[in-house]
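Just one chain follows, in the form predicted on its own, and it is written as structure tokens.
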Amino acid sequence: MPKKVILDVDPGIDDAMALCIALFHPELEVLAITAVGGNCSADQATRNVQAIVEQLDPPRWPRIGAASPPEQALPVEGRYLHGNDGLGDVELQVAELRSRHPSEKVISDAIRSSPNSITIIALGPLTNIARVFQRDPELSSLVDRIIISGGTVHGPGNITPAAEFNVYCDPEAAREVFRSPSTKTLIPLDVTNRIMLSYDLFNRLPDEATKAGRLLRKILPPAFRAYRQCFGLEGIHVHDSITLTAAIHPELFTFKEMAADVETMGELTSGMTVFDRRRVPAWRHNMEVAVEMDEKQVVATMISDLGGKPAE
């Protein structure tokens, strides 16, 4: 039986690639895709979700949740990597929805309708999920699992020396979710940084005869240019697609139970994910954290799940 999931996203080129996998995967039943501000503004994130779903036109359309403005302005934006519109400025056409349902309501309604059976795959800041739990605390115990793309255990951040992008965008929300009684899995930068989508892997993606291939071949080239210009790298990170792969194929990853929290006040460390790794820890374990993965198999699985070509 397919796993019921809600995808909470801030598209974002990498989020779009993850959606190309999720919306056609036989092991997932995507009930909803909820937008959240992060790589782009709340309004743009909502528009991007609509545009991606329209471009892919999956056999079963999920509910779409509209992102609400954050309590405070986003502290950082992803335009330098994702373009002004979050999708490489390729100007995807979209039919604007007349009546929008807030992401928090879509998440809440789905959990209430199917208690203890829905996995939330959080590929952006945790704003929506924290708001759902604040407004109805019981829901945190009715989610089957939350799989989070974000944070870092040992390594540096990717937006500040201490913080990863998704957590840094809304550290208060991340702390709320981390401290909730929900069952959680974290896929941190320590793991996702180990894989880059190279030009060779790009050439193995499905061709333009497929909906996913047509979309990816529009939005990925701008990301390759941005990574080369900003970082001097001949490839791009695909953190969210790796997190989605962990949700579908957990057997490719090694997990460890850990105790985690989020720094919200530090001048230099706001958004830092902190783990109690003392010899005699005082904090209780509150999530499982990916610490290893079969990198070769994860890459092969991502390409296969996208409908791409196997390695020669």
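Model, not experiment: these values are computed from the prediction. Residue indices: 1-based, along the sequence shown.
The same protein also exists as the form predicted together with a small molecule; that form is not shown, yet it is the one meant from here on.
May I ask you to choose, among 198, 210, 183, 158, the residue with a heavy atom within 4.5 Å of the small molecule in the predicted complex? Selected option: 158.
Under a 4.5 angstroms heavy atom criterion, identify the one residue in 189, 130, 92, 236 near the small molecule in the predicted complex. That would be 189.
Quick check for you: of 132 to 140, 102 to 110, 198 to 206, 237 to 245, which stretch puts a non-hydrogen atom within 4.5 Å of the small molecule in the predicted complex? Heavy-atom contact with the partner occurs in 237 to 245.
Can you work out whether residue 224 and the small molecule are in contact in the predicted complex, taking contact to mean some heavy atom pair no more than 4.5 Å apart? Heavy-atom contact with the small molecule at 4.5 Å: absent for residue 224.
Although the small molecule is absent from this view, report whether residue 123 comes within 4.5 Å of it in the predicted complex, heavy atoms only. Although the small molecule is absent here, residue 123 would touch it in the predicted complex, with heavy atoms inside 4.5 Å.
Touches the small molecule in the predicted complex: residue 34 (any heavy atom, 4.5 Å): No - in the predicted complex, heavy atoms of residue 34 and the small molecule never come within 4.5 Å of each other.
Quick one: is residue 170 in contact with the small molecule in the predicted complex, heavy atoms, 4.5 Å cut-off? Contact with the small molecule, no.
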